[in-house]
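Below, in structure tokens: the form predicted on its own, a single chain.
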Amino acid sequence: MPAWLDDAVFYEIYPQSFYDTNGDGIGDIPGIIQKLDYIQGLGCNALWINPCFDSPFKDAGYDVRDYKLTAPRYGTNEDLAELFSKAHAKGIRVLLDLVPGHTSEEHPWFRKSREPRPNEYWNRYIWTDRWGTWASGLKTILGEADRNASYIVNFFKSQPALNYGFFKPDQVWQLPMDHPDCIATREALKDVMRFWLDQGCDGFRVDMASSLVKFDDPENSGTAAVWRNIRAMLDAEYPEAAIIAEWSHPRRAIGAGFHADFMLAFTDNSGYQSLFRDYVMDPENRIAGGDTSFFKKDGKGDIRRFLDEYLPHYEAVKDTGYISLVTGNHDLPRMSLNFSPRELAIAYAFIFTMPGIPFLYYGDEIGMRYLNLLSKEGGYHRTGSRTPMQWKNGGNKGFSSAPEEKLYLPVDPSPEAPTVEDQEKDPASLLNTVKELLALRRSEKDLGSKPNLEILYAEPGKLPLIYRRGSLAIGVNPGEKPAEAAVKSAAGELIYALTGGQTEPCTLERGVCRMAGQSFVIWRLFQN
């Protein structure tokens, strides 16, 4: 396990929208370099950069055309190496976004694979021997090659699936995992990882990490075997390199060799979503019906929905890897869509004081809004969470000097749109609250990544939530009304509070916790 993960706090950057230095309307690598002091000042000591490799950008870079080339719109390989170097000088690690399950249809491997005669790359992708739009539950694309076959895709038509084999092949066209051509795919992925690690990259966030080996494998054991092989390479050659999975099943991901996994809301879990986004979006990207998110101030949420899902994973992986909670990301509606700044502050306080490795999505620290926009580069409803960073008042909110019509996406047009410039001046701003929380996480060893969580009070449908991290007790009351709970005769001294200006005291004494409405507090426990 890389030691630097023990106190890592990540900042996710969508490079298209972070900071444009050359006036073309698109963010770039030099822009990230220029903002390293800002990132360090937030309290983040690690970066995850969304895909920055050469691509036709039919899926915002998750359709890679050349794994070893920085997309020209972002800069050069030399720019990326400079980012690694300058980030390291400030104590900041950098993860790139690795897309191992598929490439662009324009990748040279695929161009060779689609040729009618067998060659080195013929089996680099999954080709069927039949007509039809589905095969073994997998989506196929027809009529796109001279080859007498159709190909499997992982997501969009433009993303042909790389071939790591089938766990239980039962058709002539399905290769077993140990087929030399499937092993060659795995080794090609290792080659890409070595290339960037040798340039100074600190590891990878891995897109769709569970998607490699195909069906039928309900436990993903075939894909896990591939990743354990890759992890063995990393441990031997790059022991300080980290891999973090987009799997959303920590027990499987960490068992597969990942150092951490995101706890998100995919098809078989809803606990994370119940905290922050427990609503349904209508076709116009608006919240339809009620919102029962736990961190809403009306108090209709239920913390057990999250904990009953989270705790079994936590107990299973606490000695071997980390679970990552996120404020948001490029695939999720921004939390500000349904939360007030006060609700955001309390939600972030929870994320930053839980064990594991937290991720802060760019712009969430100022409460950037989710905008209802038309799809851009395959974003669809996700596009509204990918708008330009709002640095200051004035033209394009400081993101770019380009004419407005050239911007990658429009900036928030509202005169009330939050900016870094305004919030830096306000001691009570969300931005300064984030800085306080992350400074507290750094200063209190018990608030780091390590597994020291104990739930003191968490009753179905009730408030508050009380949990312990080592010598600290943490209370969360997102509801508008005061709340109290019996807590195993614990008592402590208040060391941090978000109370929203309310006058009710927040106390932990004689085994009773009393909390003001919409409050978050930390006590240092008295020694018995």
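Note that residue numbering begins at 1 and tracks the sequence as displayed. Predicted model, so just to flag it, every value in this text is computed and none were measured.
Heads up, the form predicted in complex with a small molecule isn't pictured, but that's what we're talking about next.
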item: Partner contact for Glu246 in the model of the complex: the small molecule, 4.5 angstroms, heavy atom; value: yes
item: Contact of Met208 with the small molecule in the model of the complex (heavy atom, 4.5 Å); value: yes
item: Proximity of Trp173 to the small molecule in the model of the complex, heavy atoms at 4.5 Å; value: no
item: 4.5 angstroms heavy atom contact with the small molecule in the model of the complex for Gln159; value: yes
item: Proximity to the small molecule in the model of the complex (heavy atom, within 4.5 Å), stretch among 161-169, 296-304, 223-231, 323-331; value: 323-331
item: Listed residue (Lys397, Arg382, Arg277, Arg114) with a non-hydrogen atom within 4.5 angstroms of the small molecule in the model of the complex; value: Arg382
item: Listed residue that, although the small molecule is not shown, lies within 4.5 Å of it in the model of the complex (heavy atoms), from Phe215, Phe195, Trp109, Phe155; value: Phe155
